[in-house]
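One chain is shown next in structure tokens, namely the form predicted on its own.
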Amino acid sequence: MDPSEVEFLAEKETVKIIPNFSLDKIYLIGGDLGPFNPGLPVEVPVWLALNLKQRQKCRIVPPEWMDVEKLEEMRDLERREDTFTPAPCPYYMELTKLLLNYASDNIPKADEIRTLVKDIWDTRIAKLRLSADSFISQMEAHAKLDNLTLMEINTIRSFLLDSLNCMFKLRSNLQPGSSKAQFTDY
């Protein structure tokens, strides 16, 4: 899975919008949306919110977690803890990117939010790299990945798979009776 696929999944998350048009309920395969009335908030998937925003048909209400004070607390907590703390949202990085790229005028303190989310991301990725290094150097066979998002796992996935593959080959080589014919890449 590459980052664009993770972003696609993130677009299914819901966000509140305040439409400036009237429309009855829309019946879609993924569920019913609406009704849409001017000035009344309604929950819609991010993909629809961005589409309506680009056509100037709505204003996007930022998610509750997308607040400077809350993000500062999360950043500080993430820096203090040795383990991963729960992410503000399963797709916090992707949603921040999408909403700030297409609807930054609807999000108060957008630049500060962008910086804080980047700080949280950098801290979590640094922890992930340290955890992976420790995991590999201790030649562990399994790891517990609590509180990681799909994008974070995706970031380290290829490195971990290659490292585990090499460890498997090395361990197989050390076992008595092993032959080179046993090596296969998984």
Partner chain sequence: MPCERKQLRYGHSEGHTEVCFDDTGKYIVTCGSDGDVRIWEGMDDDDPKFITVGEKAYSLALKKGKLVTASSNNTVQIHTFPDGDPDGILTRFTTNATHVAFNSSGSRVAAGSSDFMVKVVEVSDSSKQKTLRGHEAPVLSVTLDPEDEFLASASCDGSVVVWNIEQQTQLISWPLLQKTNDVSNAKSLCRLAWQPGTGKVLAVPVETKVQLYERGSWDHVSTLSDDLLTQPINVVAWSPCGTFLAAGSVGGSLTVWDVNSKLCVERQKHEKGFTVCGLAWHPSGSQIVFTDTEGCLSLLDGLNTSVSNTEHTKAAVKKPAKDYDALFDDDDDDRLMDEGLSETTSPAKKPVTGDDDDDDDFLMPSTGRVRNRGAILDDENSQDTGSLRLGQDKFGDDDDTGSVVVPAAAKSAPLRPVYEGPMPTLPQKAFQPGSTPAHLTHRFMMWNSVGIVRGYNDDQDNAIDVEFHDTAVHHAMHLTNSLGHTMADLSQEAVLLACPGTDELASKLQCLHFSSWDTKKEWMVDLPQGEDARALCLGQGWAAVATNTLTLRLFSIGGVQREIFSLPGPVVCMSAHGEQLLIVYHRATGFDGEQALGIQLLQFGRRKKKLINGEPLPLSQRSYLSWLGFTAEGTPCYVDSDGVVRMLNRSLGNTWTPVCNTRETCKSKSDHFWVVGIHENPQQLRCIPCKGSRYPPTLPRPAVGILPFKLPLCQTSTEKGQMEEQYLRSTLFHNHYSFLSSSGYEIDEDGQGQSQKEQQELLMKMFALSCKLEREFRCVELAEMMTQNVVTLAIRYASRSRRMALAQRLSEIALEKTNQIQEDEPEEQEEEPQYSRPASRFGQSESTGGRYSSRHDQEEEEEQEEEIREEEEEEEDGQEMETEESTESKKRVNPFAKEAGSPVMPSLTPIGKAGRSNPFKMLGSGKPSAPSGQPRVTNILDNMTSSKKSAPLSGSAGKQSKGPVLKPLAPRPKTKTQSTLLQMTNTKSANKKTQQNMEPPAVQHKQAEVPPPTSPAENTENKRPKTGFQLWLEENRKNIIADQPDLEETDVIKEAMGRFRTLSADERLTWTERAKGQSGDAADLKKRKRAGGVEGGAGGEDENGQAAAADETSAKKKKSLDPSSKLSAFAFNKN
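Quick caveat, the model's predicted, so the values are computed rather than measured. Positions refer to the first chain, counted from 1.
The following text describes the form predicted in complex with the partner chain, which does not appear among the structures shown.
Residue Leu40 is the only one of Leu161, Leu40, Leu130, Met139 with a heavy atom lying within 4.5 Å of the partner chain in the model of the complex. The closest non-hydrogen atom of Arg59 lies within 4.5 Å of the partner chain in the model of the complex.
In the model of the complex, at least one heavy atom of Ser22 sits within 4.5 Å of a heavy atom of the partner chain. In the model of the complex, the partner chain lies within 4.5 Å of some heavy atom of Leu28.
Residues with any non-hydrogen atom within 4.5 angstroms of the partner chain in the model of the complex fall in just one of 62-70, 120-128, 145-153, 40-48: 40-48.
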